[in-house]
Ligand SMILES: CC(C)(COP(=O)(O)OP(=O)(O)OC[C@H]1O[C@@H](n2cnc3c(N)ncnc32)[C@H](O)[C@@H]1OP(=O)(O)O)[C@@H](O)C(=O)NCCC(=O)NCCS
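Next comes just one chain, in structure tokens: the form predicted on its own.
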């Protein structure tokens, strides 16, 4: 599905939602969002015990994404308060390679707060990221890693055309056990294709 950012409309439950590119004003709320999602689900590579950047560092990260033509951070929030004041319900980042040989490829990561689960927020964020990647003057590929046990996310990625490209065995360890990561990728066309 084509979702261009900024976007406004209802989530699957009929509640108003907006998607937009994050900027430095979002740093504090973005960090709150990340802290919440790593506490709510084990399916993140970062855990609640891992340190987050401070607000100044996060502002710098968001500014770097805005400067680079192969990076973006898109957030989902309820409309109303101005950017920086809205609680963030979900986010997706595309981080393109820094070198000439990998600048065309972006790694995708995303997460949705529990209050957004089952409401289509993840699908909208993924569609927005893929639309952004397809319109990029440089990106031709998007890759991601997903826990083998995270069947909901894996089904979402497959529904958007991602294909399994390999398995990293025993890559993540949490709660005393190991889990595999499935590497997935999709061609987004663009430059050089």
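Residue numbers count along the first chain shown, from 1. Note that the structure is a prediction, hence the values are computed from the model and not measured.
Unshown form predicted in complex with the named molecule; subsequent notes refer to it.
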query: Answer range among 157 to 165, 130 to 138, 50 to 58, 66 to 74 for contact with the named molecule, defined in the predicted complex as heavy atoms within 4.5 Å; finding: 157 to 165
query: Check all three, 112, 122 and 145, heavy atom within 4.5 Å of the named molecule in the predicted complex; finding: yes
query: Residue among 97, 87, 118, 83 with a heavy atom within 4.5 Å of the named molecule in the predicted complex; finding: 118
query: Any non-hydrogen atom of residue 46 within 4.5 angstroms of the named molecule in the predicted complex; finding: no
query: Exercise: residue 62 in contact with the named molecule in the predicted complex, heavy atom 4.5 Å; finding: no
query: Residue 24: touches the named molecule in the predicted complex, heavy atom cutoff 4.5 angstroms; finding: no
query: Contact flag, residue 34 vs the named molecule in the predicted complex, heavy atom cut 4.5 Å; finding: no
query: Contacts with the named molecule in the predicted complex, stretch 7 to 30 (heavy atom within 4.5 Å); finding: 12
